[in-house]
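A single chain comes next, written as structure tokens; it is the form predicted on its own.
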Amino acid sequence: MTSEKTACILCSRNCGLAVEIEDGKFTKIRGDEDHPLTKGYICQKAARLEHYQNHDDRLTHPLKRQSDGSFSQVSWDEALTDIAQRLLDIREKHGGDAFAFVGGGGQGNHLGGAYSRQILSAMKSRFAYNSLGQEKTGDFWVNGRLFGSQMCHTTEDVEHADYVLFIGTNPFQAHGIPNARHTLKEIQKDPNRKMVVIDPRRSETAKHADIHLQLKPGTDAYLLSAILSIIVRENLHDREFIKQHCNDFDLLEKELLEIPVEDYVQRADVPLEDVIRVARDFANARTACVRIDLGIQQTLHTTLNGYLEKLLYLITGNFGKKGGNNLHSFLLPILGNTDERKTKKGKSLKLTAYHKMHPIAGIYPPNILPDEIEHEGENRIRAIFVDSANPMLTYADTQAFERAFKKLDLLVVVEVSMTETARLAHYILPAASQFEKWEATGFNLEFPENAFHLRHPLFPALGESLPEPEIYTRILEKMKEIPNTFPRLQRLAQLEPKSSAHLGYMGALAVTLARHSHWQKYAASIVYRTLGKALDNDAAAAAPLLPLAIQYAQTHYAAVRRAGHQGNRLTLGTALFRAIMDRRAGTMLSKHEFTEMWSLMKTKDKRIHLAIPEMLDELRALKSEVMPGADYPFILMAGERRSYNANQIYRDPTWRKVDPHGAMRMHPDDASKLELVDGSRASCQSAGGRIDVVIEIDDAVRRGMVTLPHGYGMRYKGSEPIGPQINLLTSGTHCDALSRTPFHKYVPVHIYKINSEVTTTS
């Protein structure tokens, strides 16, 4: 038995773990008290990670689809040679627009992203689709307009705020904030601090709150604009902060003063006196912050909701301060900045062929992908790599994805498990699990202190599976995009001792890439093949962290020094890199001061540009809007987070201690009208499809509203789907007009009783 340090991979918090391993299995999992951020905290889901590491759907060898639809085992060389040639043929015949990359990453699988995205460059394509494109791009777009770059991402200092406003989020289950359940309890028991939850369901977090505004689904924009209007009408906004840091408040103020507060609050169906109290107390609090999540990002007015929630902390001056909302640094560049108003080096942003959709933060929305594959025309997408994703179950409109994927000339899936998407692939390439390779997360999103956790492998790779860096580097070599060896770089990497700061190697790398400019886009694989071979413990995949650490230390020099790293302007980056490599429990990257947050702003004048014309237009349009779905009796909130659901890396259903069916939660009054009880079977039908569900009576949901969890519907070991396949109900066209984010939290449905019941486990 061995004891090791690692991290959870189930959500963006990536809590540090101390684990015990015996005979290739996790035998004990607990929180790691040495982790610089989570300090021993974990939730109940992390304790079940053995169900991810060892299960019967794990892939062990490359597989090739046969003409009859079955799969046969092939060698890596055979698979990659054929894939490379087919990619080259498609690129030559149809151009880069014929290729797209889907997925990549996962909740803790980001190190491989530096390698996988190189395939886009090799194919001369920019079409990257992933889960952020159906969750967060509306938020990124607003950030770009307010702060000058879509890479300016905000975080919230919940643990130090006097007043916390949770909107469309349930941290008790979804986490997303430091040590969520401990933090919620600390706020609840402190009489000088207040917690308000805005959510259509009386969630576990709402039960801790001082005030719960249980609004009607889809009315967030009405409620938030009413709160903002009250703040401005009563002169509760921070005029000094606005004068010092903001532009165009007069344009925004004019629109907010015209909001019909009483009418909008009535539409949201919450008590007016509570709304007024929240507006006043939030504005008057010494420190206040806002935490949001998919509840307002995947419902009506996706992008407008993101704009309004940011205005709450901006016009009240709760930005760039302890206990407020802040921008943050990050080590891994997981986002880009693709402002559709601008061109880069004389080139406009790449629009999709059918929808003419522009990227946001370098990402395209999965909602449009089936149409981009199926439309008539030479410029349709013909080849796709899917990496660490299962779009057949997790993207809107399962039927459309199945139909479209079957029309591809080439579908390659890089995965740990035999997923529903993998079953449609021409080639399945087995990736090592997150605990069988060097890995890390890019979700280090904290301020003023930020940390990074490089995880080392705990187990040998299963069968012939390979880490993504090796897979994609081999493909590039097969495509003749890079040579198999770089003798001079390899020699320099081996000669330099750790203390030399790798200055000779980095200089030679710069010269090599300058001489061979077409290699620059493959720098990750070049560093992997050269510097990577010189790193201890087979840590080649981590080699690109060296230039990233150097860049981070140069950008945040004083903050990196405050975190305890030693070195001058030339050597500090390498010192940071060595700390990342050596510290198994994670590394504090930097410690900023709050005044330094403003250096993270990307507007030329370092000011916040409050008036966004598109958002002001949408704000005006609320007055005449008719809510969709009036001819449906129920609104389904699809994708609820619960105690025992997670992302789809948990395929074995035995990991769940409760809720084996992924039950539909329904208010008792609604259930009574339909003659439904706990355990009843029912049929749920939307405009897009129909599924059967098991009913759970729950008075925490509003009347006329039902919920279903995500993370179900897999065919474990080829079985029938286990639990609800919720994306049989969703539609790619039911989405935000600007970002194309699906309205998963607002799906109009009918529900019909089925005359049978099941035994439920609670």
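Numbers for residues come from their place in the sequence shown, where the first is 1. Given the structure is predicted, the values throughout are model-derived calculations rather than measurements.
Below: the form predicted together with a small molecule, not depicted.
Shown here without its partner, the chain carries C152, T303 and T441, none of which come within 4.5 Å of the small molecule in the predicted complex through any heavy atom.
A431 is the sole member of A431, I428, I363, V527 with a non-hydrogen atom within 4.5 Å of the small molecule in the predicted complex. With the partner removed from view, the residue among K437, H502, H453, H556 that has a non-hydrogen atom within 4.5 Å of the small molecule in the predicted complex turns out to be K437. The small molecule is not shown here, but in the predicted complex it comes within 4.5 Å of a heavy atom of G639.
Although the partner is absent from this view, V694 stays clear of the small molecule in the predicted complex, with no non-hydrogen atom inside 4.5 angstroms. Using a 4.5 Å cutoff between non-hydrogen atoms, E156 does not count as a contact of the small molecule in the predicted complex. I649 belongs to the set of residues with a heavy atom inside 4.5 Å of the small molecule in the predicted complex. Considering the small molecule in the predicted complex, the lone stretch of 288 to 296, 584 to 592, 266 to 274, 513 to 521 in range is 288 to 296 [heavy atom distance within 4.5 Å].
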